[in-house]
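Consider the single chain below, provided in structure tokens and representing the form predicted on its own.
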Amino acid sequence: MKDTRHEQRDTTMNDVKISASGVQVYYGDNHAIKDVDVEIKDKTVTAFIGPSGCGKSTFLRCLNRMNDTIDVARIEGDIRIDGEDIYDPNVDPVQLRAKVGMVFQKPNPFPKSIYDNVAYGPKIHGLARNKAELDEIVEKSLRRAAIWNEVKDRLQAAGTGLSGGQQQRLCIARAVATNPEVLLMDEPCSALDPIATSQVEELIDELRTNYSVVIVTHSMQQAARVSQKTAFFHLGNLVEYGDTDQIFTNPRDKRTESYITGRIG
């Protein structure tokens, strides 16, 4: 067992939450992600941008081992959160996914009440000792997701009865209820109208005070609005990674510039 104590100390010193090195992902014979190295900061929104099929969602799913559920997927390389190897055989993927929450493209509330949607994770992970503690977690999570005032009088109503934007904020409440440290969002606004999109974007900006947020987005405008760091993927490669302002105004790589200006994509 490698001693990682000094590594962990180093990572906290420079605020790195997730570090990936030499990451390769294969789906059968298809080499989907090629040799990705990246360090993702804590308390920051990092956007993954790039054309469809460039590997951004595939790489995002490596960060909470969602690719484990795909039979033909094979992952190589090293991914660490707070210095801990998340692919270590001793790491339980279920516990990892409590620490690394995920919000999907299409709102997917459970066919349960609003309350039970949010309470589900804390219940299965034993985060509440009694009903009062569970009530507190549910309220806190719904407040964090900026939807408490809209649903507080109908917590027993079905989550599926909410509007699309409300459903997505409910899913965000569900993701934060297990007290994660990282929040992954895979195109969280692509199914939403402009008003709901703007509500979720405001929420993402607030969430970064507590979490490291990583968002995959097909909208460069959205990446520019919500993120502090941007990673540009193309054909499975991480082409460029840096401050969002720099990526959008002064990209170092010609491929990034071509994508930003609309010549490829």
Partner chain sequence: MPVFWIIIALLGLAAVGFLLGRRNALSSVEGNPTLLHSRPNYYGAGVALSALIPALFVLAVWLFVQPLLIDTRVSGAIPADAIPEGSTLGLVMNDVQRLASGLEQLQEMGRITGREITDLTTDGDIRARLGEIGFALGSDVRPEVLDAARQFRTLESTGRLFMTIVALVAAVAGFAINLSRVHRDKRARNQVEGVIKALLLASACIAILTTVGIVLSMLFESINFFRQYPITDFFFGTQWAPNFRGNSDLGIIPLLWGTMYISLIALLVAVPIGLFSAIYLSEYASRRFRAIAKPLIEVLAGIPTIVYGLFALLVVGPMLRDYFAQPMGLGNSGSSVMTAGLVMGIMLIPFVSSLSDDIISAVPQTMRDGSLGLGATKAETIRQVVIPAALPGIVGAILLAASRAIGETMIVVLGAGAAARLSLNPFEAMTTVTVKIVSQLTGDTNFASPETLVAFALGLTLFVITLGLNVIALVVVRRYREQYE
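Positions refer to the first chain, counted from 1. These numbers were taken from a predicted model, which means no experiment stands behind them.
Omitted here: the form predicted together with its partner chain. The next part is about that form.
Stretch 91-99 is the answer when you ask which of 74-82, 91-99, 141-149, 191-199 has residues with heavy atoms within 4.5 Å of its partner chain in the model of the complex. Between its partner chain and the residues N210, N30, Q221, T69, the one pair within 4.5 Å by heavy atoms in the model of the complex involves T69. The three residues K17, K34 and I86 each lack any heavy atom within 4.5 Å of its partner chain in the model of the complex. By the criterion of a heavy atom within 4.5 Å, S163 is excluded from the residues contacting its partner chain in the model of the complex. When its partner chain is considered in the model of the complex, Q156 lies well away from it, no heavy atom lying within 4.5 Å. Although the partner is absent here, K106 sits close enough that one of its heavy atoms falls within 4.5 Å of its partner chain in the model of the complex. Interface residue remark: Y115 is not counted as part of the site for its partner chain in the model of the complex, having no heavy atom within 4.5 Å. Annotation for 167-202: interface residues with its partner chain in the model of the complex are R174, A175, T178 [heavy atom within 4.5 Å].
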